[in-house]
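Below sits a lone chain in structure tokens, taken as the form predicted alone.
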């Protein structure tokens, strides 16, 4: 088998850890014997538990692993963290060749794992399907290189870019098949972010482990809104709000340990999204999926790394309908925000268009 085919298998295996390994990267591993037969596989299943290489290697005795080839999408770690260094175990098990998709961008690891392997006499092949490996761990790469949360926006629109009629009717623009894929997308992100307007208008459940609500004036129904009934919730509000209103809300959430108030800077009477993103990164939210109305979607564009736009074959034809990105007026085409199409996937009768900056 070609290394590219095996690396694709590693990538698919790594994806099984989505939603469970943050802030760690997604990693899959395959081990071949001298006859190029797959004798073991593993992936990083949960943060704090064994890395992919360790999961694959511990299934083998030393006789089976001696002289074997190990394929992994990310450079093996070389330091002690939650688990011992994978590079040390690779050496101990007698692996003779390691095929790597990409170097680790974590400065503690980058290049050190490869150097350790080479010094032990192990042949190392780098850069196999590197672009695909980098795409797999785009969240981890941004976290490590910029110390920022990865931001994605999800929206569902008609062909003419509307998310609702002027009266607010929006159920359902896309099909059940498309909505099922939304569940898979949410699973990839540490938190879902929405606005007080969406909470008040739709009263969504948004079942997720972490949720962020932008509620500048703390006006949502903390006692009855569905969104406050599950998960860990951070509510971003104007840090200069009146003490009376703040005390009133604190009384309401006194016995709800899942709700955390997050005072945030305000610029021009709006929550400062840069300040908010810095705060949630410090709280350990490595990635966030924005699911909101057109105004907040538009406000997040300058911070967005990825956009998921589900498009239904419907035309509303109403210039007063609500746009998916309603944030400013451009007089010239050159003022438009530019993005790159990354992928188009069919969820018949709808499509999902994924694009990045």
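In this text the structure is predicted, and so the values were computed from the model without any measurement. Positions refer to the first chain, counted from 1.
Omitted here: the form predicted together with a small molecule. The next part is about that form.
Chemist: Is there a heavy atom of residue 76 no more than 4.5 Å from a heavy atom of the small molecule in the predicted bound form?
Modeler: The answer is yes: residue 76 has a heavy atom within 4.5 Å of the small molecule.
Chemist: Is residue 56 near the small molecule? Define near as a heavy atom within 4.5 Å, in the predicted bound form.
Modeler: Taking the distances in the predicted bound form, the answer for residue 56 is no, it never comes within 4.5 Å of the small molecule.
Chemist: Residue 215 near the small molecule in the predicted bound form, any heavy atom under 4.5 Å?
Modeler: Looking in the predicted bound form, residue contacts with the small molecule do not include residue 215, since no heavy atom lies within 4.5 Å.
Chemist: Whether residue 185 contacts the small molecule in the predicted bound form should be assessed with a 4.5 Å heavy atom distance threshold; does it?
Modeler: Outside the cut-off, so no.
Chemist: Of the residues 258, 167, 83, 224, which one places a heavy atom within 4.5 Å of the small molecule in the predicted bound form?
Modeler: Contact check passes for 83.
Chemist: Using heavy atoms only and a 4.5 Å cut-off, determine which of 99, 151, 109, 95 is in contact with the small molecule in the predicted bound form.
Modeler: For this set of options, the contacting one is 109.
Chemist: Which single stretch, out of 118-126, 263-271, 191-199, 68-76, brings residue heavy atoms within 4.5 Å of the small molecule in the predicted bound form?
Modeler: Selected stretch: 68-76.
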